[in-house]
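The chain below stands alone and is given in structure tokens; this is the form predicted alone.
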Amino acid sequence: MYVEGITLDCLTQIKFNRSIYGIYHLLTGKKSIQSVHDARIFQLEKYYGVHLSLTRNQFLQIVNVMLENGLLNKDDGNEFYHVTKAGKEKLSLFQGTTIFSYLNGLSFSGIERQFRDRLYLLVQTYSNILVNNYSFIPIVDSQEVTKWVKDFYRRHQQSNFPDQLYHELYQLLSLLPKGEADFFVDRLSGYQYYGLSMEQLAIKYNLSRDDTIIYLTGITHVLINLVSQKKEAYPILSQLIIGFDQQKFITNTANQTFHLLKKQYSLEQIVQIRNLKLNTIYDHIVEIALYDSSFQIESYVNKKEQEEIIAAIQLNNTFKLKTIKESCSSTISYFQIRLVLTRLKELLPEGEIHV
């Protein structure tokens, strides 16, 4: 249901602008500008990185099963797929689920794992301490998370703290449908009790393993969102998300370039300071523009050039860089086209172009 619905939605939006592997890279959160760019321009941000552990072969198996079930048709001789009438009906069912509305991949991909691990180990720690058991096997195998929980415990050793944590978690999960709350609680561990594995959850809730992962991811995304919106209502749980917004860009190297740009260094100076190629700095600027809506692109592509690029997009009804470049004057670069694509929502009236 969920992984098929996501794939169908991606195919419906992307059409012939990317191969099926572009969707795979999107779902697995590939740390590339192209994948983030695709998420933006095709309005698929919610699906970025929602299934980090999905392998290429597993994804192709899912697609093949969808072909067999008549949800997709494939063009002969290439990697493009069409969504059938049955596929559109399946997509409609998926879009009616809460998980469809919960997913927020580009904002929370990777973060949800850290949020869950902190919460899992925190609950396990206080459950054991309540019965004076200070020696147990932690369910989270991460030095970073273990250190965070230890530091957290040192700062919060009040006797009523476990009750406060329980109250906040109960209040938060009460906002979800019972089945989703039960699913999330089934993963929690306590004193001499370990939460269900993903395989056990899949059996209990009659889901495929892939759908189990998407289901947990969606629930976690909405929990993070709820806590973020009302931090005053969750003074303990809100501390679990502290630090999540410190990394602005997907790569540290782009962040370093961003700080040099803020200091008014020219591109040539940045190339020398960082000992990188100019095209690499261009990649950083595109990445910055993707993540920072306040970043001004006019220094690199003026209004007239923006209008020419947009006209090429509209003429060819595509986001393919090569096709757009061929319709522009020779002075327009791929770098400038990519920058304009990062601002397409602002530069084009909503609904003016469908590709």
Partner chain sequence: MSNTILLEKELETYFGYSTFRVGQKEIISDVLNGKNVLGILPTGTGKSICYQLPARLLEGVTIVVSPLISLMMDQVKELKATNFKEVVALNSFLDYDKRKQLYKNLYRYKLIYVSPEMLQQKELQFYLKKMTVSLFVIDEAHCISQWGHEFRPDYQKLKTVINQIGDPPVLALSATATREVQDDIINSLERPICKHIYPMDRSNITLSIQEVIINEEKLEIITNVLSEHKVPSLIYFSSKNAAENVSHLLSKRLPEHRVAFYHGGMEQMDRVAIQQQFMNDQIDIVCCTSAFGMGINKNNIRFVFHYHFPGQIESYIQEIGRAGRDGNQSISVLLYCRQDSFLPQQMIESELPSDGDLFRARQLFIKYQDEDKILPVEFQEIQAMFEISEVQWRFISSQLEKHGIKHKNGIKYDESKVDETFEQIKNIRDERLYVKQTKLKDMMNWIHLKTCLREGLYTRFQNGYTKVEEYCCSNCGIHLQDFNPKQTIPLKQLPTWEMKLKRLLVVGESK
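In this text, all values refer to a predicted model and were calculated from it rather than measured experimentally. Positions refer to the first chain, counted from 1.
Another form, the form predicted in complex with its partner chain, is not on view; read the next lines as being about it.
With the partner removed from view, the residue among I224, V123, L106, V83 that has a non-hydrogen atom within 4.5 Å of its partner chain in the predicted complex turns out to be V123. For the candidate set A254, L72, I219, L188, a heavy atom within 4.5 Å of its partner chain in the predicted complex is found for exactly one residue, namely L188.
Stretch-level contact check against its partner chain in the predicted complex with heavy atoms at 4.5 Å: of 93-101, 256-264, 127-135, 227-235, the positive one is 127-135. Residues Q143, P162 and E199 are all found to lie within 4.5 Å of its partner chain in the predicted complex, as judged by heavy atom distances. Not displayed here, its partner chain is kept clear of L278 by more than 4.5 Å at the level of heavy atoms in the predicted complex.
When contacts are judged by a 4.5 Å heavy atom cut-off, Q158 does not count as touching its partner chain in the predicted complex. At a distance threshold of 4.5 angstroms between non-hydrogen atoms, S174 is in contact with its partner chain in the predicted complex. Of the heavy atoms in K178, some are within 4.5 Å of its partner chain in the predicted complex. Heavy atoms closer than or equal to 4.5 Å to its partner chain in the predicted complex belong, across 199-215, to the residues E199, Q200, I203, K204, R209, ordered by sequence position.
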